[in-house]
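Listed next as structure tokens is one chain, alone, in the form predicted on its own.
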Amino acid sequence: MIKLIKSTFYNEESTKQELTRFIGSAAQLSFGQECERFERHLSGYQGCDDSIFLNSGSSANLAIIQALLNLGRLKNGDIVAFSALTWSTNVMPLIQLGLEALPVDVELDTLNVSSRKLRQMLDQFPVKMVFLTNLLGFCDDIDEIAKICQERNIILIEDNCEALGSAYRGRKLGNFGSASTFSFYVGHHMSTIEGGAICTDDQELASMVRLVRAHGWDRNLNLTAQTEVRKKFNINSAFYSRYTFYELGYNLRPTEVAGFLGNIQIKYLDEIVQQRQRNYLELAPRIYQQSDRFYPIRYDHMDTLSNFAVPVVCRSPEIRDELVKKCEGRIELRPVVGGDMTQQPFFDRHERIFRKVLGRSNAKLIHEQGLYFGNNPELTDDEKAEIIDVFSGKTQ
């Protein structure tokens, strides 16, 4: 069986040895210096001013929405547009926190929202924020989307959990909006087992995310931000300041174990991204050229394609079912991420206004006729040859 992932970490044996030594010698395993060091390393890699490490990418999505609400940049009942083809916890925080979640369809050849698709929704609805998913390492014309949002005073946040390392027109994805979220789940580009982050150049937003991450208190703020928040709320006592809850928050903190793993694995990240891109560029053309069976997916507009799974959108449900059967016991398959969120039971039950706004869409077609297989940096030549044989129809 060719699995989606083969190991928990890149260079797993040496990473586990280092982790064992760390746990045996560490004086502290709750949030501390290793996590803060990883935040600095991530900021350097991403090219942003600030990174906030959290316990998952889903928590990062929740935290950024709560932070924007705490700051008053979003208000209860505001309309937030999101990529219809995404993961559930990109959408759920919008509904959970009292916002109206407006799905935006994707383009069939990039699997992502385009400026064309976004404009169609913006012309109909007073959107306050766009929560854009850079699905499976791809994007569409995200520079145009950023321009539209800036012109219309719309907040742009990127869910970059599936695109760590991808670049478009000279910029890494995750740097086009006010902030971006990341995931370091074991199946993604770089593993801390569980983990996530928010990257931003907005210091006010970064400080609020740190409050949200830790119960709403100020312990992990820098001295300047800490002084400002205590002065604002007239908290003078050093004793009480450590137990003052300034804003709505949660406990979304990572552990030192995750921080330590991040500091090891980020050293390999360029190598991981390069290998995944090589795999994709070897596999994708051989598969997508079968235009009678699969819809083509465009990727030549990307500078770097950091891709952890190869998507395939079949021309019919029958072709998809045939592939699922053929791959059983041989190649592990999944739907394309979480599929069309408007087809998921939670969305139909909890979204009050925009449940049926899309109708027949590309997202729905991908939901019904799409799948993906893993693109991990440990794929062998023999495994790649088998994948090509199976998807080209050469083997039964």
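Quick note: we count residues from 1 along the sequence shown, nothing fancier. Computed from a predicted structure; not experimentally measured.
Below, we refer to the form predicted together with a small molecule, which is not included among the displayed structures.
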Check: Looking at the partner-bound form in the model of the complex, is Ser51 within 4.5 Å of the small molecule by any heavy atom?
Finding: no
Margin query: With the partner left out here, check for me: in the model of the complex, does some heavy atom of Arg276 sit within 4.5 Å of the small molecule?
Written below: no
Checklist line | in the model of the complex, Ser58 touching the small molecule (heavy atom, 4.5 Å) | finding: yes
Item checked: Close approach of Glu162 to the small molecule in the model of the complex, 4.5 Å, heavy atom -> yes
Check: Are Ser183, His188 and Val337 jointly within 4.5 Å of the small molecule in the model of the complex, each by at least one heavy atom?
Finding: yes
Next item on the list: Would you kindly say which of Asn220, Asn263, Thr89, Gln290 lies with a heavy atom within 4.5 Å of the small molecule in the model of the complex?
Entry: Thr89
Note to self: Partner absent here, but in the model of the complex, which of 122 to 130, 199 to 207, 245 to 253, 154 to 162 has residues with a heavy atom within 4.5 Å of the small molecule?
What the structure shows: 154 to 162
